[in-house]
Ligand code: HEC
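Here's a solo chain for you in structure tokens, the form predicted alone.
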């Protein structure tokens, strides 16, 4: 029984960190279930295991109570079956851990993938060639119909885009969890607030398949929207996204 106490203490500590901390977080922020990062789990569990072993082996009595059963199993010929079983289990566990480190992963290599790759100088959409660098939204200057165009853009968004990008445009739509990379969070200052309307026009119009080499190999699942929407509809959606989030499109100026 003395041998099981440190194991029980380690298991309880693991459950407190793995489940207890997220539970407290969910009480502080209802509707969420925070996750303790694996790196943090490993760091704390290393300290807990080391501290538990030091605590239980501090005295000679505790040391003998902890180590005694292990020595008995490996030195007692009558317990050979148990010994070989433990050797097999420990070896299998080591092999499992090693496999977890070397197995292929489907996570995107974030450090190698450009989230906002440079657009091409021109793009073919709707059978026409668009010069991306000099492209302007033709509806942006129509102040009289601005509200109408934004409203129509919102209707198009909620018919086509909110399933992935969410009704709050935060990238948390119904289908978002099924994609890797996740759909863009337009409310994040690091997305459309940093982009020109012409970039968004190209990016949405050509979808995932239109990404250049630096955006691969983890191409987004976004459809090629210029095959599903008209040019005017696409511009209206872009206007709605900027208007809803409160961001202004990034503008470029000529250097003289």
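Numbering follows the first chain given and starts at 1. Note that the structure is predicted; figures quoted are calculated from it, not measured.
The protein also exists as the form predicted together with this ligand; that form is not presented, and the subsequent description refers to it.
Judged against this ligand in the predicted bound form with a 4.5 angstroms heavy atom cut-off, the residues 184, 223 and 237 are in contact without exception. Residue contact check for residue 122: none of its heavy atoms lie within 4.5 Å of this ligand in the predicted bound form. Interface residue remark: residue 146 is not counted as part of the site for this ligand in the predicted bound form, having no heavy atom within 4.5 Å. Although the partner is absent from this view, residue 139 stays clear of this ligand in the predicted bound form, with no non-hydrogen atom inside 4.5 angstroms. Although the partner is absent here, residue 169 is not a contact residue: none of its heavy atoms lies within 4.5 angstroms of this ligand in the predicted bound form.
From the list 54-62, 186-194, 37-45, 24-32, the contact stretch for this ligand in the predicted bound form under a 4.5 Å heavy atom rule is 186-194. Contacts with this ligand in the predicted bound form, taken as any heavy atom within 4.5 Å, map within 188-211 to 191, 192, 195, 199, 200, 203, 204.
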